[in-house]
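First, one chain by itself: the form predicted on its own, in structure tokens.
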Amino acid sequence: MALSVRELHPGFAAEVLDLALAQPLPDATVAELQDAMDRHGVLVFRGQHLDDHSQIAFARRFGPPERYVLSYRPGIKLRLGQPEMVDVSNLDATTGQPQDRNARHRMVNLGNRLWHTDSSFKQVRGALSMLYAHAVPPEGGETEFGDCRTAYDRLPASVKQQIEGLEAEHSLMHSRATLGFTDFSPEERAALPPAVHKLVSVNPRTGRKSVYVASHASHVLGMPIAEGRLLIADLIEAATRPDLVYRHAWRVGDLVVWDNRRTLHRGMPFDESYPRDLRRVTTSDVAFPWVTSPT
């Protein structure tokens, strides 16, 4: 049966209707979802009933999940027990209540309010991210997505020629340092050395190009630092013009999936006295036979 898809933003995000993801999907449905992701970049699934294991199992149909690495400090307790899951919440790991505003986990996550792509700071960058809502505040806390593919299409020919073949260095420590947070242990820094990626990303299935930039991008190789940072800022601005942005207002049970290689995203502020519990699984951008049988 063909997927039922409703476009949420012209040429960009879309909602997939009447599909339950808690149970294994047929290979044909996974293939249709991959085609829909290639077309839209962001897919929304409302009213899902996922636990951590079923969310991870769904992600595995599209690639090997990344493993969380920021746990190299004695005394740090992670709230979630699955190494494939990133805790995008404001909840304390011990009490389960909203964190103190100076909590380290909160300070690291504040960087999510910058326009970014997940795991561009890794040698093997992030591919698809899958974020699921367990609890949301009564207002605020939306996630915005920018369309990097249309942004590339709109660039003047001279700019396309300029950025073709250029590479930028990406670092999680750089994006957090722009907000004044530098409290990373030597072990954490060693686990996440800077990574280099091209400014133009190409979808291997469609051949379509996208700008590939993020708050993690610190400079462009071969250019003066200041000049490269201005170029990165210009490209981020091009991908986040109002007519290229989809804003997702979260409901409990929402799963949103996006392709980090053709989108930017950022979280929006909210009243942090309310719990906000979102959990993310991100697949690695590796060659992968993405239509796989469940295990």
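The first residue of the shown sequence is 1; numbering continues from there. Keep in mind that what you see is a predicted model, and the values were worked out from it rather than measured.
The form predicted in complex with a small molecule is left out here; the points below concern that form.
A single residue from the set 150, 171, 203, 112 has any heavy atom within 4.5 angstroms of the small molecule in the predicted bound form; that residue is 112. Comment: the small molecule is not present in this chain, but in the predicted bound form one of 143, 120, 175, 90 has a heavy atom within 4.5 Å of it, namely 143. The candidate spot formed by 36, 40 and 261 lies out of contact with the small molecule in the predicted bound form, as no residue has a heavy atom within 4.5 Å of it.
Partner contacts here mean any heavy atom within 4.5 Å of the small molecule in the predicted bound form, and among 22-30, 263-271, 225-233, 49-57 they occur only in 263-271. At least one heavy atom of residue 280 is located within 4.5 Å of the small molecule in the predicted bound form. In the predicted bound form, the small molecule lies farther than 4.5 Å from every heavy atom of residue 9. Within this chain, residue 125 is remote from the site of the small molecule in the predicted bound form, having no heavy atom within 4.5 Å. Not displayed here, the small molecule is approached by residue 131 to within 4.5 Å at the level of heavy atoms in the predicted bound form.
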